[in-house]
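Given as structure tokens, the chain that follows is alone and in the form predicted alone.
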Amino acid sequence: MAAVELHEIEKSFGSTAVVKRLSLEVKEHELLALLGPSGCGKTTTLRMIAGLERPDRGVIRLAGRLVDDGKEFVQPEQRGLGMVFQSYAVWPHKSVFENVAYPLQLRREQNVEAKVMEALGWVRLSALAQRRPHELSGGQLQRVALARALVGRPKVLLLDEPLSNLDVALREELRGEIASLRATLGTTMVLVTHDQGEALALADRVAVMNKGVIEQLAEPDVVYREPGTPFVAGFVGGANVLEGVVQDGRFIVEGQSFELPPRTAVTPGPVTVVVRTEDVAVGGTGPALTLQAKLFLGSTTEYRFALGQQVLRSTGPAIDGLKPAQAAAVSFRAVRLFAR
């Protein structure tokens, strides 16, 4: 039985359709990421699962239980869910302990102190139980929010861009915390994010959303290596997305002719070609393009070449002697073609 089921969900705000006939299943103990740009409908989808928004039409079930079909509606607090918001939503007048205890107290549960201290142990905040929010860092505040959402052992934990307010170092640390908590507790999780690295690192499956629909739903490595659409390719991993023509087995774009790699399924005519930056080879055969910029990225270097009105990006080891304004031969190691 799926932990979450959405069947042909639709949601509009005024005349703007935000979610369009979306169907999705989240498996038990799975972490599924809803990934996409701002305005694609991912947060609205999460809020409909939580019961904070009502779909215009469609059916939502949690563990087989109907919670919304336009007629029947189960209130958010009765759905057995936990939710972590982007803004922490920690009460400033309550201590860490009191913040985490609050949902248990609302439900008049027993052994509150033991349950709260156990939850604080999960997020390594046991020693800070009596501190106030103004005495905590951003990462610690988000841990408080995680503990509060998990203390009641929810069937599903909903995460609405929980790391976007943190700096890079804290984001990476909290990413590890979420992965560790999931391994410890086995909680089903739905994560909303616009950060492709976060989605690829944490999720069992990624649903890439665009303009209210899911463009691809697959395991992270499949989404990255075998993007189902040009949008997915460009959004996940930042591939080069080039529009041109296949003619005589070659790809023509912006007046340049590129040899297609062996075993490429060739479709003559107008195409969109997707090339990962690591699959753009600099040197050897291929048309000579002018280098516009060279960016040092630590373990790799990014090279940006002028391709007519477009930019062709390549990442790889640093190339001695290659400087901006110089020309270098560029070729493709692997591509994906989409007929237009």
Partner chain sequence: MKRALVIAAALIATVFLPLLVLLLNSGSPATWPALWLAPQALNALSGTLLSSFGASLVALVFGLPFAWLVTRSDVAGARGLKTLVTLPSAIPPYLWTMGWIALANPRSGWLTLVIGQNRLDVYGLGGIAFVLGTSALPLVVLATSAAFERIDSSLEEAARLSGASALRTFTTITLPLITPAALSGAALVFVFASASFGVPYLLGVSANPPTPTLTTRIYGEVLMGEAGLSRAAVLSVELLVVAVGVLLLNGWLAKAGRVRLPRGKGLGQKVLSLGRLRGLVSTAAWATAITIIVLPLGAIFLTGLQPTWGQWGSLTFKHWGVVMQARTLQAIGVSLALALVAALLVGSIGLMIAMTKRRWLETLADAPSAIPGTVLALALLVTFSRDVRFVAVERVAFVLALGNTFWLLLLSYVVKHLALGVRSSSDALSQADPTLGEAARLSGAGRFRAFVDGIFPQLRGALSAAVLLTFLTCVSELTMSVLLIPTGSDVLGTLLFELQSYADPGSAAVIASALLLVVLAALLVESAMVRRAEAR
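Positions refer to the first chain, counted from 1. As the structure is a prediction and not an experimental result, all values here were calculated from the model.
As for the form predicted together with its partner chain, it is not shown, yet the points below apply to it.
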{"property": "4.5 angstroms heavy atom contact with its partner chain in the model of the complex for residue 94", "result": "yes"}
{"property": "Non-hydrogen atom contact residue 307 with its partner chain in the model of the complex at 4.5 angstroms", "result": "no"}
{"property": "Partner contact for residue 278 in the model of the complex: its partner chain, 4.5 angstroms, heavy atom", "result": "no"}
{"property": "Distance check, residue 53 to its partner chain in the model of the complex, heavy atom within 4.5 Å", "result": "yes"}
{"property": "In the model of the complex, segment of 103-111, 235-243, 222-230, 259-267 with a heavy atom within 4.5 Å of its partner chain", "result": "103-111"}
{"property": "All of 61, 140 and 180 within 4.5 Å of its partner chain in the model of the complex, heavy atom check", "result": "no"}
{"property": "In the model of the complex, the residue from 120, 214, 174, 81 that sits within 4.5 Å of its partner chain by heavy atoms", "result": "81"}
{"property": "Listed residue (116, 192, 207, 90) with a non-hydrogen atom within 4.5 angstroms of its partner chain in the model of the complex", "result": "90"}
{"property": "Stretch 325-340 - residues with a heavy atom within 4.5 Å of its partner chain in the model of the complex", "result": "none"}
